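Starting off, we have a lone chain in the form predicted on its own, written out as structure tokens.
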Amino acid sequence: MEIQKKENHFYMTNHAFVMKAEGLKKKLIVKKEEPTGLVTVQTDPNAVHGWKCKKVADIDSLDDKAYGKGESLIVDFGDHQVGYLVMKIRPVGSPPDAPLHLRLTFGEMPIEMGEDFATYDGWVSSSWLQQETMHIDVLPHVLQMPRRYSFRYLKIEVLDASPKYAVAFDEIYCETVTSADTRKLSPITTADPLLAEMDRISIKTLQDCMQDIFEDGPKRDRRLWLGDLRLQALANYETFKNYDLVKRCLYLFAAVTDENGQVSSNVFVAPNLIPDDTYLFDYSSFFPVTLYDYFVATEDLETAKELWPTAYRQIELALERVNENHLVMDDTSGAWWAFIDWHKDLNKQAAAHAILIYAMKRALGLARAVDDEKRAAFLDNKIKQMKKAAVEYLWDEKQQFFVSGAERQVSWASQVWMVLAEVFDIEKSSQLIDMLLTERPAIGPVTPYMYHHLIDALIMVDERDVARQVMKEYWGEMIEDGADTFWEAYDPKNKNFSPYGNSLINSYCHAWSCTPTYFIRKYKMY
């Protein structure tokens, strides 16, 4: 174990774990994907974000066209791609007597083709916007872009060239990369076309996020986030069954903890493995959950034993936030201490309390699997204490809801997580879910991440038909709005919602949104 420092951030590196993770790294699967046609982008008040793309020609029309200064085209690949662009560019006319000046804009959605990136005003760095400007001195030229992109649409603009020549694009394609082996997929048979499409798009979303790690999004942030990993792994067990990739990610998290042993919310893997300096109560608590799910899927007892100390340490650290009344303490400082969901007004105390119970129940399963009876007994007792505290301090008998924080906020997240934590028995949890769906509190879910937990809670109380319907309404409406892969954030009541202040920067292929395939396949909802 080595203590290291990055800026003002101290962390410990377990080099044995790093080596194990690197030993699980596999060669990516590469495939050549060609565009299907040419499109134009136009405003449409009825389209999501106010933009839509319309096909104007087949891709073969490129053979008959050359582009000069000020001209542009938008190429449609027909589906979401993650990989490396290749273009064969040929001069037409006189010999080129000046460099070719090109701008390439890559977009997952029509908004990225329609809006000027210079107008972007969100609080996440604009460097995530996928746009490149270049000069090409010698033509003809095979342009092989060294950076990986995540896109469906490609806008090519000829910013300048000599008046004596134009350029033709003889070939355009993307060398896609993924660690997901589609040969391992088993087909499902369903008479419901929406469920079939939802399953397909979920799998595509997962596939495009499976790289050397489970990325949260191939456009942004291209990182291994623990909350995303947990949901990706569940979907992976029902589809690609790439167990080694989950195992690799678990070892990466365990390899770099802070000086107290806490796993970071996310890690960077290049150029070297480094943990982010963001530590979230719920994400760290999900490490034992993700390890438990992996153990259930694989029965890999050796890995469970080796990572058990790291997993249990997350519970110990989380319990430091529990007061003498066995209640998770709220944070009123404004600090980002837990994620839960992107709703800006959400109080997180009750959901965090339930998540810790949920995590301890999975940690209890691990403790028993590795024969750690002392810790198993401790966890069993602590779970009982915290479930009792949830009812005593957070349950509002008059409202028939769990409340959160000093203002006793009622939110969907609080109720959903209390159901998942099994604070009540099935009968009373079912009544709580019915009350939630009837009263529909104002502080609702705004991401597929939170909707996943709502679907999970519905299934837990044996409301599979309702779960299927909610899933079809939410992800189905996303499909109606043009999703080729499922998105990071989606609020049907506010379709321009962005946690970052601008929809341009949103990730439109995002790991935590891929779980309809998990529910459809695991619970045979087709």
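Remember, it's a predicted structure, so these values are computed and weren't measured experimentally. Note that residue numbering follows the sequence shown and begins at 1.
One more form of this protein should be noted, the form predicted in complex with another copy of the chain, which is absent from this view; the next part is about it.
Contact with another copy of the chain in the predicted complex, judged as any non-hydrogen atom within 4.5 angstroms, is confined among 216-224, 189-197, 290-298, 443-451 to 216-224.
Another copy of the chain is not drawn, but in the predicted complex it has no heavy atom within 4.5 Å of Ser429.
Using a 4.5 angstroms threshold between heavy atoms, Pro275 counts as touching another copy of the chain in the predicted complex. For Ala406, no non-hydrogen atom is located within 4.5 Å of another copy of the chain in the predicted complex, even though that partner is not displayed. Shown alone here, Arg147 lies within 4.5 Å of another copy of the chain in the predicted complex, counting heavy atoms only. Relative to another copy of the chain in the predicted complex, residues Gly261, Arg321 and Glu324 are all farther than 4.5 Å at every heavy atom. With the partner omitted here, the residue from Ser127, Thr119, Asn381, Ser333 that has a non-hydrogen atom within 4.5 angstroms of another copy of the chain in the predicted complex is Ser127.
Site annotation in the predicted complex: the residue of Gln385, Thr133, Thr182, Ser72 reaching within 4.5 Å of another copy of the chain with a heavy atom is Thr133.
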